[in-house]
Every structure is written in C-alpha cells, then in structure tokens.
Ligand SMILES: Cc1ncc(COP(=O)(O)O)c(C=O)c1O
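As structure tokens, one chain now follows by itself in the form predicted alone.
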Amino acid sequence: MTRIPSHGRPWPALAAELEAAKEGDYAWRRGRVPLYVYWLNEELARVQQEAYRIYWSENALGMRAFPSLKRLEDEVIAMSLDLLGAPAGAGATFTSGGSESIFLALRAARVRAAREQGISEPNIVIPQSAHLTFNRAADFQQIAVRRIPTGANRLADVAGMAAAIDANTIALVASAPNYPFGLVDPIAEIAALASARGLWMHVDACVGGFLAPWAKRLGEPVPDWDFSVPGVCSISADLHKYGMAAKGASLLLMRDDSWRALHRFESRAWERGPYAGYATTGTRPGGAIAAAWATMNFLGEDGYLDCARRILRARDVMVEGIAGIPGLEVLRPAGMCIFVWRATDKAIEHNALAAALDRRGWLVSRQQEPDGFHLALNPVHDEVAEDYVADVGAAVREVRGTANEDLRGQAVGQTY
C-alpha cells in the first residue's frame, strides 16, 4: 500500500490483516523474546487496555482541561517517590520513556552548571557500561561524554571516573543496573564523589527502578542505590519496563522538586501567549498515565513481589541450567534480571548457535563485549525457563563443530 485508499475498509477486514501481519513475529507472549516486551498475563494487559481506552483522547498537555488526569499523574509520581526513598519535597516528571527521562536529567545538569558556574563546554563522566542513550542525549545538547572503562568486576571504576573530572564536568552517572550485564554500580561511592566535587549525580534505573526494591525485599543482595543514598540528585525509572505498565511511561525523579525548573521550557515568542512544559513533547497521551495508574493499583505490593519472584526464579533456573551444559558458561555474578552466557568450547561457534536457537523460535540478543548471549528477563520467562535451557542444550549438540555466518554481528539490545 503506497497511498490512502479511495474508500474506507471495514474494521473486521483490517483487524484480520493486522493479525495476519504478525504471523512472522516472535512469540513474545510465550517468552521467546528476551527484550522489548515486559509481559505478565492477559489479565493485566486487559486492565491496561481498558484504562488507556478510558483516557484515549485526553491530552496531558492540557491538565487544566483534564484535572482528573493530573490527579492520576500526581498519584503515580507520589507512589514512585515513596518506593524509591525520596525525601519530603521531592518531585518527578512523567515522560514517554527512558530516553526522554535521561535527556531531561542531562538538561537539568547542564542548565544548573551554566547558571551557577558559567560552564559553556560541559562534559559528563560515565561508566563504559552506561546506556548509549546518554551519548544520544548529550549529542543533542552539545555535552561531551567521557566513558570510563569498567573494572574487572564489570562495575563502574570510581577512581577512573574521579581522574576524568575537570572544571567543565557537570555530572556523574551510574546504573542500577547497567544494561549490558545487569549489575548495580557502586552508587554510594559515586554519589559521594559527586557531592565532594559539587556535581550532579544521576542514577539510570530505567531497568531496575521498579524491580530492585521488590527483589531486595525478597532477599536479593541489591546494594543501596536510590534516594536513600546521599548525593543522588535524580533517577530515571521506566514504568513500562518492570513497572509493568503500558508503553510510553517513564519517570524522571528529582530529590528536590524545585530542580524540575531546570528542564522546564517556557516562552512567549509567538502571538498566542505563554507556552510552558517540563517534557520534551507537547501532546502527551493521557492513556499512558491512566494505564500506569491502573497497573500500580491493580498489582499492588503483592503483585509486584510476585513479578519479582518469578523473574528471580527464571534467572536461577536458566543460569544454573546453562552453566551445567558442557562447553558453556554464565558470566558471574548474574544480575537480578539480566545475564550473559557464552560458549567456552571453541567447537561451539556462536553464530551457528544463534541460528540454531532462532530456528527453535527464540529471538537471539547478542552481546558483543564479550561475545555472548544477552537475556533481560520478565515474569513470563518463569513459564519457559526450563524449555529455554533444554533448547540451548539441543542447539549446542546440533552445532558443535559447525559454523554459520548468518547472524554475524547481530547485537540486539537498544531498549530505551
């Protein structure tokens, strides 16, 4: 189809065509996709869809017109600040995703540094494992990025970051967890360094923000990382990841609500009058806010704990099962929801192995450094963890001693 049809078509025909279009997609509802989708069950999906439908047309740009939507957003923010140990007077901005949350965090740091220190050529210091979204957001805002190699433990090198700071540094970054390995950086140490140097400290918890608190309650050894750590200025946390909400929902949380003004845009440079907003977008879908509110209330603490329990159980089954297959290893420690495994036997060629898993219906997410296979688990993987281990074993037996170039260089994993 290359142009709008002359006459409209009935919905049943369109629905059938849309369903048919998806026939070649990977079966994400059956856990065959290790990224992109955060899925619990059809019941939660219906709650999200109905909540979104109720606010289908409302535009969060106009909160005065839709005070009910503002109340929902305020409650989502309040619940999230409470979960992440925010002090009184903290605040947050509801965004479209982790990329926007990170963009706004860097904007706040840049504006503060320009106003208070006159810095016009800013840079940020971040671990090599930090998400590439920081480079993208920095590129848009003329901020130089200094990536510091991680240590042997694949965590941020605090001493290396300290050595890279100069008079134009405006912020330090840490991850909770980082996306390549699922590990939480030494955030207390980095925050202390930021405080000592008078720098903004941002924690990227787009992945872990709505999982780490529950995993910790279940006994997972998660180090302190949120606003309970002195010196943490802002946190990005995605509701549409382990907050289990519908897509288009993230938060940039600030220790001090007044700091949100640092990323506020306001102008009167047209005939219409004043225009102001805290997000990078104008129109914002009210449905995303309503769906996030409904999800948090539908799941409750017990529901989130159950999601975390399923993820941790799936991880344990997969990690131990894969580690038990001759010729394979899992990089240790495994993260709470992310881990990487690889072949140590040279007779097991990674491209051939990836192709064999693909033939069995598993979308393969390749890690490049080191070469391996990357999984970011969600609750549905608890139902297929043993199947995955069995198929990995079968794929290893199939390809041992063979080679396949079909998937060379594949590196799927950009999720913000």
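For every residue, the number given is its place in the sequence shown, counted from 1. What you are looking at is a predicted structure, and each value in this text was computed from that prediction instead of being measured.
This next part talks about the form predicted together with the ligand, which is not shown.
In terms of contact with the ligand in the model of the complex, the residue from 240, 263, 110, 315 that brings a heavy atom within 4.5 Å is 240.
Just one of 133, 93, 295, 80 comes within 4.5 Å of the ligand in the model of the complex, counting any heavy atom, and that one is 133.
The stretch among 67-75, 202-210, 182-190, 306-314 whose residues place heavy atoms within 4.5 Å of the ligand in the model of the complex is 202-210. At a distance threshold of 4.5 angstroms between non-hydrogen atoms, residue 321 is out of contact with the ligand in the model of the complex.
Using a 4.5 Å cutoff between non-hydrogen atoms, residue 252 does not count as a contact of the ligand in the model of the complex. For the chain shown alone, residue 97 is a contact residue for the ligand in the model of the complex, at least one non-hydrogen atom being within 4.5 angstroms. At least one heavy atom of residue 102 is located within 4.5 Å of the ligand in the model of the complex.
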